[in-house]
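The chain below stands alone and is given in structure tokens; this is the form predicted on its own.
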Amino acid sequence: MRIGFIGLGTMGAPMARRLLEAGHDLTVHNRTREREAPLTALGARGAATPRECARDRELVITMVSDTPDVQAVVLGEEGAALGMDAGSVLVDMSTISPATTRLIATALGEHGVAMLDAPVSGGSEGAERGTLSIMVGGDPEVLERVRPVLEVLGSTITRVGPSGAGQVTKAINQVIIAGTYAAVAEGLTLGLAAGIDIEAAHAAVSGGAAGSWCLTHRGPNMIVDHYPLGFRTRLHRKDLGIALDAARELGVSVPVAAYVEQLETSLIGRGLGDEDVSNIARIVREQAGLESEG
């Protein structure tokens, strides 16, 4: 398929590479143009603007940081919408506001372009391995058209409702993750403070009802107080902001998510926003009187 891919960050770059390796005809664009080079070296074409990236493409995928970024790369002066033909599809895999998603979908629809919101979960590991969980909002027939492409990127592809529903589902995901990270940090800090064999304790609880992806894959980071990048704290904080806005609009109380948002805001203020989000354990450790590298 002829695909345009916009946004080559921690998640987008490996996703685009997987599409290229799967044999798709790929054009790429990134605001920092140097990030296109590893992909153009493998055979992709670079594009100077989102509009150019979208020209003559059957499918355009966006994977950028925030709601204003998606609006700019899709509907801006040199946005992808200006290069897309009627009958083509835009799949936004960013995490943005559900309301803005619906507005963009409506604007594209007026020009005969279909849109799916398809945010993902699984971190940079999932992007590298093609094992992302993809939450899709939009027309089921459009999803079936692009499903073979999404299957290169994710092992779980679930339509959750109409336009915007994918973003609501991602908000649910981020609220749950927030609470899980906080609980894992508190539990492991309890063990560290007690002076027990924390690696053995980690293995023991991982095999029981407390087991989770977070405990298995990020618990070791928390134990050694080292947080190599999987998903940036500042981006999770942005996602929680979207979730908290949605919760306020719906009158839903999410106090755990609000608490974690405060922890992440503090970490970002300390210059730690580009570490992995498991670094909320830094604060839990400090509150327990354990030394932290940060």
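Just so we're clear, the structure is a prediction, and the values are computed from it rather than from any experiment. One-based numbering along the sequence shown.
There is another form of this protein, the form predicted in complex with another copy of the chain, and it is not shown here; the text below is about that form.
The contact with another copy of the chain in the predicted complex, taken as any heavy atom within 4.5 Å, belongs to D197 out of D197, D85, E151, E144. Think of it this way: in the predicted complex, another copy of the chain has a heavy atom of just one of A165, I223, A72, V113 within 4.5 Å, and the residue is A165. Using a 4.5 Å cut-off to another copy of the chain in the predicted complex, each of R159, A210 and A247 places a heavy atom inside that distance. This chain is displayed without another copy of the chain, yet in the predicted complex the stretch 168-176 from 75-83, 104-112, 168-176, 123-131 comes within 4.5 Å of it by heavy atoms. For V256, a non-hydrogen atom is located within 4.5 Å of another copy of the chain in the predicted complex, even though that partner is not displayed. In the predicted complex, another copy of the chain sits beyond 4.5 Å of every heavy atom of M11. Shown alone here, S97 lies farther than 4.5 Å from another copy of the chain in the predicted complex, counting heavy atoms only. Though the partner is left out of this view, V184 does reach within 4.5 Å of another copy of the chain in the predicted complex, counting heavy atoms only.
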